[in-house]
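So this first bit is one chain, no partners, the form predicted alone, shown in structure tokens.
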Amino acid sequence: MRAVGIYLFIFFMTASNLVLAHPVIYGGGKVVSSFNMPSYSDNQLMYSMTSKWASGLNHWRFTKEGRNTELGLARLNHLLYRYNGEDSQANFYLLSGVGIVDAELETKGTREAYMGGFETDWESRTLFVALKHYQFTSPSLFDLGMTQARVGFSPSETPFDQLQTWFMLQAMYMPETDRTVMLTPLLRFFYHNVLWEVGSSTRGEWMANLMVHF
């Protein structure tokens, strides 16, 4: 009986990581993800070496008035802190990357680029809040910050082997491309190892995200 309880606990923690799309998942896990809006895209191929460290490749695109700035990065994520409550979990991650940028938003050019940031979240089976910040820079060429915050809820505690649905609201602020905060209501779905999101901002920008764990 005790062994069954331990197994269920491990399964719950693994499934929870999958459902809420953390920067680091279980050791040996692989993630392919694509987050897309007209103003930006974020595509990743990540591998979690352990339950605290993940590395991989990351491509970003930022668009303003028809001009694109693109970054190709080697990325490293670290789970710095995790708190496990009776029916909830909190996490804090450090994010970093190094690579090259092809810039058009500020000064045109191609040069080395760096990314730093953090992500933190708190979740239960039916509630979710998260905050993340990225800072992208290339000396004398490019500097851009992006902050995202989310709140969400699931209407029921759906079993892990069934389709799970979350209702969320995202607030995003990128002062170098837009001086106002963009609000995006969205739906998140998760089934087995596939997570997808669809939404539309209050100004009419569509959102389409996909994440697959294997």
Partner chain sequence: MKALTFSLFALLSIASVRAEDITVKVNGMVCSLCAQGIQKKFKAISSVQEIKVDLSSKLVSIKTQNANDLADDKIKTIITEAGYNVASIERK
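On a predicted model such as this, the values are computed, not experimentally measured, just so you know. Positions refer to the first chain, counted from 1.
Beyond what is shown, the protein has a form predicted together with the partner chain; the following relates to that form.
Only one of 108, 125, 78, 133 lies close to the partner chain in the predicted complex, with a heavy atom inside 4.5 Å, and it is 125. Proximity of 23, 36 and 208 to the partner chain in the predicted complex is absent: no residue of the three has a non-hydrogen atom within 4.5 angstroms. Stretch 81 to 89 is the answer when you ask which of 67 to 75, 81 to 89, 110 to 118, 96 to 104 has residues with heavy atoms within 4.5 Å of the partner chain in the predicted complex. Residue 184 falls outside the set of residues with a heavy atom inside 4.5 Å of the partner chain in the predicted complex. The closest heavy atom approach of residue 193 to the partner chain in the predicted complex falls within 4.5 Å.
Residue 175 falls outside the set of residues with a heavy atom inside 4.5 Å of the partner chain in the predicted complex. The partner chain is not shown here, but in the predicted complex it comes within 4.5 Å of a heavy atom of residue 27.
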